[in-house]
Every structure is written in structure tokens, then in C-alpha cells.
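Heads up, the chain below is alone and in the form predicted alone; it's given as C-alpha cells.
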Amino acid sequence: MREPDYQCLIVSDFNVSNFAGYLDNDPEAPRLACHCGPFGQVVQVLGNRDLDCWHSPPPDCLVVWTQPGRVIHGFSQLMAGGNVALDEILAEVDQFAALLAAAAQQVKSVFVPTWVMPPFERGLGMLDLKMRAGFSVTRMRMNLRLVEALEQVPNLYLLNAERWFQLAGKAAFNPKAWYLGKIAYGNDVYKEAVRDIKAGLRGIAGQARKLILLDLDDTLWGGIVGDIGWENLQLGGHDAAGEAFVDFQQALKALKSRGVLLGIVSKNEESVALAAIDEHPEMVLRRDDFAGWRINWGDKALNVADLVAELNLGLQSVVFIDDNPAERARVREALPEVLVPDWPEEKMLYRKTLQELACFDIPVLSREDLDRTQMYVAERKRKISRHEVGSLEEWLASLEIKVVVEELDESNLPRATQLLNKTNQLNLATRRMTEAELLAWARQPNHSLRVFRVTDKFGDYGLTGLASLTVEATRGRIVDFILSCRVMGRRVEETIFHHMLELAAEQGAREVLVEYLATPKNKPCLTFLESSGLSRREDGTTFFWKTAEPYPRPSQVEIEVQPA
């Protein structure tokens, strides 16, 4: 059996052995090895890192799952009929949040399910949401207070446990299991919790799916557009299935607004299919909502691979949705890294099936995520312009590329960390760090870290580059050099080196080393270094530059350095 990807510590005020068993044995990646803190000692475990459960072995992630009446004494008193002020209860919530925030500094990630109550607990009945001291309204305020108190803890994630209990229904709570074994919830609840926690861990590790590739006929609309014409498609209108297709498109557009790319792989005449997308009045998704497409009569597996390569993504980033089971089977067999969910025959289940997928979770939503589709649409226009201009140098000059340099700060830290942890190809050292670790590294003496935003006349690429520098005496070293594949080969690489080598010279470095650390995916970084103009040492992986001679700045790129 292979080694676990994460060591997980579970801290709870109820018996979590069943939950730990599901986490240990769930076949979905990542693989976890779980151990539980002492039963019922939540506050003691969170407040004392000298306990054995923190060291044998040290956990990578922490799950803190509590019941509101057992960890918040004031809420327990309220449920027993006591007269407890809301402010007193919320003050306890603040204390609990402080313990969670402190514990979060010891691990890479923390998951905290929200507080729930059994559905048979009616509280004050019809007054439970009307009176300030109602059980339900107090619990809601407690959860909201927890959200507010922990909002700025970057590696702590509150999970909506209410949804798990709704899905589990009557099986969510069993009083007999509680009295016999202090088992608070049913196994169906634990299964849903495992699903969300693993989706979260994949997202933190940069393994969320980034691209949905869609069929058209009987997937985005009802009917075969080439046979019946776009005017007769089943889409919108006073029709149950037509309404369902519109709702499905709206759900896809909502994912797009979160940074998930959409693409088309369809067996159709391209002109006919695009006319339907452009002209049908009930279409929610239009041409510029798609990062790319392959609309032809070729093999869908080949088209998927070709489009994914064009978008500079990996197959492990893709979800393929098609109503035809034969096409799904073909892609699933030919491209096993692609997620091909089973798709219902019933059109009215499309939106539900999409929203049940637990593969799009990401730990932070950056401006680049929100603008991702626009960036790909702009890239499509750049490629068209490439064929209209003569030489590469003329084309680059025509793009009017601008690089803006910023120091690392709180505003760009989330995106910088995302870039550090997710970029594989043009990545000098392939270091992986949390937001707190990256910020702490950058603030050390003699350390400098810069991020780079790139724009051109077609649009904004966003924050796409990162480089870091250390200087000791007269020798500098570029530690990180990272650039998104979206701007590779457009002289942005040389522009970043120009700035960083100039910065090193300003800090007294006479020579700057650049050490390439090979990984299975970062060969493009070595290729760039070999053509960068830097000198190369005999070991073949160390490059250097003498700062007495300025490193040339590409004439096609404008550079702007933002003040600190």
C-alpha cells in the first residue's frame, strides 16, 4: 500500500472513529492517514501543542468537528432553559475561534464543519427564529460569528455541514448511537464530509479541475442543430426540457465566473454550431464564454487532447461532458486523466449533476481566476493577429506588451502563492509554500520578492510572473523564477531577468547565480536559460551573470516599476 499524502489529526467532542475510518479508506485522492485526539478534549488539544497527538506523527491537516452545545457552554445553558445573553455566547465563540487560529499556524490546512442541530430539536417552535434567544437563530449567529472571526486565517476553511445533514436525511442523527457509543452522526454524513474535505485538499494542492469540455447537441441544447436548424432547438421557452437546458447553461456560466474555463468538443459543422451559439435568443453561453473549441467530425478523444494542448493545460485539469455514452467511453478509455462523469439521460437532471461534482474547489479566488476566460479569448485574438503580421519581432512589437513590477504585499499575496504552487513548466526551483511562509520568506533580511503583471493591447494577462532574490556580500542568487505559460516566448522572461539583475546590482551584487533544479515538468525553464544570454558553469545547471554589464531589456516590452 502506498504512503499517505497527508497525515490528518481529527479533534472532536464525539466519537469520530467511523469518520476517521471513512477518511482513511476512501479511494479518492488524496490518501489520508488519520489519528484522533483524546476524546472530548477539544480545548485542551487546540491549546496545548505538547500533547502526543501533535507529534506522532505531526499532522499536515487538522479537522476540528464539534457540537455547539458541547464546546460553547453558554449555548448549552440556553438549550437547558437558562437565560444567557447572546453577547456572552458570542464571546465564547470568539475564544474558540482564537484557539482555531492559533492551531492553524501548526499545520498546512484546517477544516472546521459548521455547527448543526438535530432536526428533531424544535427549540422554541414557531418562536425559534423570532425571538433573540431562539436556539436556531443563536446557532446561526454563532456560525456567522465564526466565519467573521476566521475570515483572515488563510489556511482555515469552514465547511457547510448543514448540506451533509440535508443529504443524509433521517439517517443523519441516531439518538441510540449517541447513548451507546457517543457517535453523534450517521455514516452518510461522514461520507459527505469526506467528499468535501478531500475536494478541499485537492484544491489546496492545485489539483482542482480547470476546464469543462462540452458537447453541443442534446447537451447544451435539445436537438441536432444540423438537422433541424438553430431556430427549432429545444432551449428556453415554455418547455420543461428547454428550461432545464437554460438552467444548465446558467450553472456553467456561474462556474465560469469562478475561473473554470469552458470549451466545446462537438461533432458538427462549425459554422452551423457557432451560428446557433451566436443567434439563438435563449442561449446563455455565447462565443466569448468559451476559451476554445473543436467543432468537426473527427475523433473526440483526439480533439480533446488537441484543444487542451492549445490551452496549455494538462489533461488532469479537464472534465468532459457528453450525453452520448459511447463518446464518454471513448474519451474515458483514451484519456484516463480526464474526468468523464456519468451523465443522466434525463435532461432535467443536468444542472443537478453538474453541481454535485466535487472537483472545482479552490482555496482562494483571485482576480486572475475571475478574468481567466477573457484572457483566453484575448489570446485567441492574438493568434489571429500573429498570422497578419510578418516576423515574430514585428508581431511582438505590435502587441504593445507592458510588464508592471510590484513588491509582494497583502493584496497580491494570494495570487502570488497560487502561482508559486501551481506553475510547473517555467519554474526554476518548484518551491511550494503557504501564504504565511512565502510572506515570511520575503520579509527576511537580504531577501527580495517581486511579482509581475502583464498586459497588451488585447487585454490583461493578470499577475503571471514571480521572481525572488537573495544577496550576501557581493553575490546574489535568483531563488525563484516563475512565469505562466500564457506569456512564455514573448520576451517577458528577459524583462523579468533585466529587472531582477538590475535589482541585484543595486543591492551590491557583482555576480548573480541562477541554479536550475530539474523536475519532470520544468524543462522549458532550462530551455529559456540556455538561450537567455547568461553564462553557464560546467555542472550544466548553474548559470550566472556579471552585473558590471547591464542585462539588456527587450525593446518590444515596456516596464513599469510600482513604488513600494
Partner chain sequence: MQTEAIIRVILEALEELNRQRPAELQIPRTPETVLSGDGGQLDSLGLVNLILLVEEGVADKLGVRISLSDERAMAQEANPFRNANLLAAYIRRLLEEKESV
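Positions refer to the first chain, counted from 1. Source: prediction; values computed, not measured.
What comes next is about the form predicted in complex with the partner chain, which is not displayed.
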Exercise. Identify which of T547, Q556, N15, T542 has a heavy atom within 4.5 Å of the partner chain in the predicted complex; exactly one of them does.
Key: N15
Practice problem: Could you check which residue among G229, P336, P344, G181 gets a heavy atom within 4.5 Å of the partner chain in the predicted complex? | Solution: G181
Quiz item: Does the partner chain come within 4.5 Å of any heavy atom of A177 in the predicted complex?
Solution: yes
Exercise. Please run the contact check for G21 against the partner chain in the predicted complex: heavy atoms, 4.5 angstroms, yes or no?
Key: yes
Quiz item: Would N412 sit within 4.5 Å of the partner chain in the predicted complex, counting heavy atoms only?
Solution: no
Quiz item: According to a 4.5 angstroms non-hydrogen atom cut-off, is Q425 in contact with the partner chain in the predicted complex?
Solution: no
Self-check item: Check all three, K253, S257 and S366, heavy atom within 4.5 Å of the partner chain in the predicted complex
Solution: no
Quiz item: In terms of non-hydrogen atoms within 4.5 angstroms, which of the given stretches 312-320, 187-195, 475-483, 122-130 touches the partner chain in the predicted complex?
Solution: 187-195
